[in-house]
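This document opens with one chain alone, in structure tokens, the form predicted on its own.
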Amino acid sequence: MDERQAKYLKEVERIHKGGPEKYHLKLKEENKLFVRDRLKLLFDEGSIVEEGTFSNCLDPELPEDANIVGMARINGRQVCFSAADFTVKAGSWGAKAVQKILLLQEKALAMKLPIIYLIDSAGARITDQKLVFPGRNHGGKVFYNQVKLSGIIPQITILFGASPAGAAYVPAFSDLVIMVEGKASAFLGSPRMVEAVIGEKVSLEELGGARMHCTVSGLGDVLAKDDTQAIELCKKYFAYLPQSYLEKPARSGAEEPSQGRPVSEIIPHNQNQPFDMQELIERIVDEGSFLEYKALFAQELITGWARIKGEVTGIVANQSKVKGGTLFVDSSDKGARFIWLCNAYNIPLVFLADIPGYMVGSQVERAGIIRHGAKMISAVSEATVPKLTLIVRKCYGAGLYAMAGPAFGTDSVLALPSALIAVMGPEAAVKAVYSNKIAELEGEARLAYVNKKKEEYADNINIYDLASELIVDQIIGFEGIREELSYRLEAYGGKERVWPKKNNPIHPV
């Protein structure tokens, strides 16, 4: 072999090995994969093309400056990627690592390629901070570019380990965040720093662990049990997203929905009796196609992607089994973000409404329920993709607005025979309007009066009366939902997407 070729191969082998063996052993002890094994699982065989492999090659302690970047394919689709190597300086960002990420982001923008960020990092390398942190082409520009790329190309983060301090904003600015339970974490200040600064003693898991972020803070979207499952989930979710905003998600072969009870049996007669909206969703979408978004967070609202006869569709649905399906601060934020995400990437939306409205009371008012509720209504208003709303049962108050009621550019508002639309439900309305009269009565007389007024109110919001006034576009049968939605999604697929030009909207915060 030529001496020059031999030297080249030896150098490549050294670099590909990563850091010292003791850190490889640490990964194995923690049941984590080496970065190159993650890349092999995520990408098609032989498809990886690296950039900057020899960055910092003259320093034997910094192969690739702890960050591998390049292009590869996932099921034939080309993407860009950035992957931290934990065996090299705990995957921290050095000057060359930051330069490579910035170049990668520029390439992704020019070629309209999605980016996958694989994170297992100690954050910015403090010893290099003057070369990493403050300047025009330093770490801050990574986040600037993420915001710039937002809505142009999908950005997915898989958190295998830590993402501390400034690096925590990589997942925050991503479209989808997958976190490995018990391994991944994200925080602005470590437990040690928190104790030193504010005197609070807290564990890493409580402070910024994967389960906390997927259930409480909402930073995490999908919780995985280990590295391998996180990679498989990334592939599944990526299949529902297009390459860029210029395309639509790829269709697949249609599948029948899962077998189960008739829809009329799933939906109770009693408007106040909870039922599992997930069961109804499974009777509408292609079998096995529903992938939830933020499944563990604000569970009173269900959001996720599915296929209806092969077409990718965003589902927004109220879950009466959790808090009655009432919208709170977190569920409003969850709904808004999901709607913006679908609208950015040309994914039509189906709203399944069964909502008593927004939560009331001093606690939620102090938490900003009006601001956060307005955020979801803003997202509904701005969405120009095909929008279909099905009133499953009750749809009261501003819940009608949040769930894409008739006034919000919705292409079709459909209703089941079980549907009711009103400012408020019969019980609350009767108490509000007739409280003085009710107070004058006692016993059986009071009960009879209240029931009579409730019946009158219910007759006044009868769905057939509302349909006669064209408040809903169509009443459909319980067993015709899937066919009706599929037909209308196809029909509205070519609509002209119109929204006034502006610098940017001023969203509620």
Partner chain sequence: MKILANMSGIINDIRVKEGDLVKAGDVVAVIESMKMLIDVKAEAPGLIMKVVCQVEDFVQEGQLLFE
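Numbering follows the first chain given and starts at 1. Bear in mind the structure is a predicted one, so any value in this text is a computation, not a measurement.
A second form of this protein, the form predicted in complex with the partner chain, is not displayed here; the remarks below concern that form.
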Contact between residue 436 and the partner chain in the model of the complex at 4.5 Å, heavy atoms?
no
Contact with the partner chain in the model of the complex for residue 394, defined as at least one heavy atom pair within 4.5 Å: yes or no?
yes
Closest heavy atom of residue 323 to the partner chain in the model of the complex, within 4.5 Å or not?
yes
Report yes if any heavy atom of residue 338 sits within 4.5 Å of a heavy atom of the partner chain in the model of the complex; otherwise report no.
no
Looking at 359, 167, 344, 180, which has any heavy atom no more than 4.5 Å from the partner chain in the model of the complex?
359
Only hit among 151, 218, 409, 274 for heavy atom within 4.5 Å of the partner chain in the model of the complex is 274
Just one stretch in 422-430, 279-287, 256-264, 98-106 has heavy atoms within 4.5 Å of the partner chain in the model of the complex, so which one is it?
422-430
